[in-house]
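There is one chain below, alone, in C-alpha cells, taken in the form predicted on its own.
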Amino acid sequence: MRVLLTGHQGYLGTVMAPVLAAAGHEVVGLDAGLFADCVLGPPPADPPGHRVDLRDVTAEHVADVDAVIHLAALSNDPLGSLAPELTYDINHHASVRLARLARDAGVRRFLYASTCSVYGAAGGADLVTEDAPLRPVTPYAESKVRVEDDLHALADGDFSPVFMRNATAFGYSPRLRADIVLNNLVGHALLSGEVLVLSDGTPWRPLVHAADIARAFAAALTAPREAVHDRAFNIGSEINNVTVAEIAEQVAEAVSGSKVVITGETGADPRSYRVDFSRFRAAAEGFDCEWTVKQGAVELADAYREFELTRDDFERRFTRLAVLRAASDSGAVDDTLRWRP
C-alpha cells in the first residue's frame, strides 16, 4: 500500500516507518517537525514526506494514498493541561478534518493512534476491555475519546477507521522521549543512581514497546476488513500490566547500583487500570507482543550508555514540554505552536 504516516518524525513514527517499509509498503510522512531534532544516536533515515502542521493539511496531502496511519498529536498530559485549547485544536479538530479529507480522497483504511488512557480512573481488579466505560481524566485522553466518536460517525462501506488504543509506550527510539514512565525511570536511575517515583507507586499501568506498537499497526493495516472495521483495540500484552512500583523495581534490576526511591509527594494517581488485549490478538491472528518491561529497561539502559545521554538532554531535549517551551521562548514558534516564517 501507499501509506501516509502522520507524526513520522516523532517517537513512535520514527520506529514505525521502517517497519512499514520492511513489510513492503510505500511510506509517505507528514510532520510539523517540532521534535525532528530530538535524536539520540545515529540520525534516522526518514521516508520522503510533507513538512506541514496537521491543522494545515489539504486534500493534496492525502491524494493517491491507500491508507492513513495517524500518529501526530500533542502527546503529553502536562502539556494538554497547560494548553487544553491547543490540544483540542490539534488532537481533535485537526484529526477529524484529516479523516474527512482522507475519506473524500478515497482512502479506505484509517488507523488512529488512540490510547488506553481513555479508561482513566477505571479501578477495580478486572481487566479492562474495549467495551469498558471511558473515563478520561486529562485533556489529552479526552481529545482521543472525541476523535474516536467522530471517526465512528464517518465510517461507511468504503471508509474503515480503526481505533488503536495503545498502552503506555516504552523503549528506545532514535527520536527519544524521556517523559514517559519507563524511559524516564531508566534515565533517572543512570544519571542519579535513583529510580525516582513521585507517586505512591500503587497505580497499575499497561505498557507496550514502541516496536510492538509498530508491528500491531502493520498487522492492522492488512487485516481483513470485517475483523477491524470501525472497531477499537487495546494494543499491548497482559504480561506488561504492572504497578508503577513494579516498574521501578525492574528498572533497578536493569541499572546496576541504582535504588528505588518512592516519595509519594504527588499522592495516589487516579489513573489506574489493567487491560485486556485479547481482542486484537483475535482480529490480527498470529500477532503478539515480543517485549517485556524488563527487556525494555535493559535496552534503554544500554542505549543511554552507548549514546552518552546527558542530564541536560534528558531534562530538556527529550522532554516534550521543555522542547516546546524552548521553541516558544526563542520565538521559533508562535502562540499556536506553528513555526514562524
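A residue's number is simply how far along the shown sequence it sits, counting from 1. Quantities reported herein were computed from a predicted structural model and do not represent experimental measurements.
Note that the form predicted together with a small molecule isn't included here; everything after this is about it.
Looking at residue 320, you'd find a heavy atom of it within 4.5 angstroms of the small molecule in the predicted complex. Residue contact with the small molecule in the predicted complex: residue 113 places a heavy atom within 4.5 Å of it. For residue 228, no non-hydrogen atom is located within 4.5 Å of the small molecule in the predicted complex, even though that partner is not displayed. Among heavy atoms of residue 169, some come within 4.5 Å of the small molecule in the predicted complex. Only one of 188, 205, 177, 103 comes within 4.5 Å of the small molecule in the predicted complex through a heavy atom, and that residue is 177. Think of it this way: in the predicted complex, the small molecule has a heavy atom of just one of 211, 73, 242, 254 within 4.5 Å, and the residue is 73. Heavy atoms within 4.5 Å of the small molecule in the predicted complex map, among the stretches 103 to 111, 243 to 251, 177 to 185, 147 to 155, onto 177 to 185 alone.
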